[in-house]
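Just one chain follows, in the form predicted alone, and it is written as structure tokens.
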């Protein structure tokens, strides 16, 4: 393992004014997104859609530091035969790969999940590195509800995250460590804060135990935020203040950067929260975005599976990427949303 090279890639992933495009939707997830725009989820349509994003020259070159790919996508070629991974590299962006294999029910823990995919991961990482991937992603899912999360779920998922991260670094691939506390429930922001604190503390404990070099990773956490069904939604300022406080309490300064997931927030909410955090300032790590739906909902709608709408889809993608790039520097304002590129 060459830590200097891992650190160089990790720092590039959190370059100020840039963020990570999460284009790693599973087959099931992308089908739901395509169903919403009345597009059939065929391999060709999925390829065309992602090619549209990766050929968005302004967005990719100016505002996107890296792209997380799904296994299908990393092996696909564009219509003209160019590997999609090459389009990403040509734009000056770093290709990455989702390596977890989804979740399964956690035995003896009703309503809780464990992420799987460690078997043969070392072999898969070697092939992904040869293909051009320089970072990877593994998502652990922690739900909040009556009597959950259990310490079992937190411990098991943190252990798997650290095992994955150690295997990545051994393969000279930067791990994105993603412990996601879901915002689906009716819990308030303080409950989210408490659970996320437990999850992050356990995750970093496991990372240390398994000798993961913190300088060669990127953290992808949820924000401290109210559950979607909570009657009292925390303000932008409260989300920013509590999230920064939480991260300062849990995340060592050795970590180069934190790239937030959007987790079901609306496009503008995700941007506003990131912007407010960066305006607080005096942070030991870079704060940026690793958004999927919050970057892609607008371009998906604008494209709607039609070749004549490719340019409109690219404009919508560039706009959202630019808004979040500004937020990663604390320079976003609501009024900019009306000025679509």
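Only a predicted model underlies this, so the values are computations on that prediction, with no experimental measurement involved. Positions refer to the first chain, counted from 1.
As for the form predicted together with a small molecule, it is not shown, yet the points below apply to it.
Student: Among 31, 47, 293, 301, which has any heavy atom within 4.5 Å of the small molecule in the predicted complex?
Tutor: For this set of options, the contacting one is 293.
Student: Within 4.5 Å of the small molecule in the predicted complex, heavy atoms considered, which of 99, 133, 225, 261?
Tutor: After the contact test, the surviving option is 261.
Student: Tell me, yes or no, whether residue 112 is in contact with the small molecule in the predicted complex, where a contact means a heavy atom of each within 4.5 Å.
Tutor: Taking the distances in the predicted complex, the answer for residue 112 is no, it never comes within 4.5 Å of the small molecule.
Student: Should residue 13 be classed as touching the small molecule in the predicted complex when contacts are defined as heavy atoms within 4.5 Å?
Tutor: Close contact is absent here: in the predicted complex, residue 13 is far from the small molecule, nothing within 4.5 Å, heavy atoms only.
Student: Report whether the minimum heavy atom distance between residue 139 and the small molecule in the predicted complex is within 4.5 Å.
Tutor: Result yes; residue 139 sits at the interface with the small molecule in the predicted complex.
Student: May I ask you to state whether residue 187 is within 4.5 Å of the small molecule in the predicted complex, using heavy atom distances?
Tutor: Heavy-atom contact with the small molecule at 4.5 Å: absent for residue 187.
Student: Partner absent here, but in the predicted complex, which of 35-43, 48-56, 284-292, 302-310 has residues with a heavy atom within 4.5 Å of the small molecule?
Tutor: Looking at the partner contacts, the answer comes out as 284-292.
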